[in-house]
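Listed next as structure tokens is one chain, alone, in the form predicted alone.
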Amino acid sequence: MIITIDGPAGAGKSTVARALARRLNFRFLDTGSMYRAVALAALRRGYDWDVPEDLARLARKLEIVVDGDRITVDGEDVSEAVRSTEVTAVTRYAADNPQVRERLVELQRRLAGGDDVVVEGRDQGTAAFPEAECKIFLTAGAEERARRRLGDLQSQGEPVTFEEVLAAQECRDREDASRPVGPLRPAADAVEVRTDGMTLEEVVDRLVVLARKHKASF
């Protein structure tokens, strides 16, 4: 069974997806980290963001392995590096590149295989796994999402303010919704879950009920 969790930045997709996977004894696949990995590799190599063909060739060459919370690129653990604000700022170049997206969606499907898996990202229910048995669109208010992102960044030692995080998030929301490839939108058959005021445990409880309901219908 495949459970997809899509939603805007800061909605808590990764945290919730990890916890849901543990609760259900499913594997967890963080697809967003794969686009971040391509962006990190290009950033380190000094790639020109205005030459998308180079970025596509790089994506095809990289050996990207995702194992739960851990992601490696050509054997190097980049789990922390891909979460920096510097990488976040340029990840859109990978996410908006049709050839990069085609390559990574192919890899995501291969990694999922025929297992029970929870996948999270931006277009998992619409593009990567349109036949998924259970699709969830996780969201929350803009300020709630910005507070969560601020906490993540501060825990990593990054000196940012709430106002900076909120402004960056609003910009990303606009970009995500208007992307020509894999735009952020709920799948037609997705269940929207708003998490404002909910604890992690409460959100996971809600998703467990949804997952079991969908599993029983197949």
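Owing to the predicted nature of the structure, the values given are computational and were not obtained by experimental measurement. We number the residues from 1 along the sequence you see.
Beyond the structure shown, there is the form predicted in complex with a small molecule, which is absent from this document and is the topic of what follows.
The stretch in contact with the small molecule in the model of the complex, judged by heavy atoms within 4.5 Å, is 35-43, chosen from 152-160, 63-71, 185-193, 35-43. Ala95 is the sole member of Ala95, Val117, Val78, Leu138 with a non-hydrogen atom lying within 4.5 angstroms of the small molecule in the model of the complex. Contact annotation: Arg122 falls within 4.5 Å of the small molecule in the model of the complex, judged by heavy atom distances. Residue contact check for Arg101: one or more of its heavy atoms lie within 4.5 Å of the small molecule in the model of the complex. At the 4.5 Å threshold, heavy atoms of Arg172 reach the small molecule in the model of the complex. Arg83 belongs to the set of residues with a heavy atom inside 4.5 Å of the small molecule in the model of the complex.
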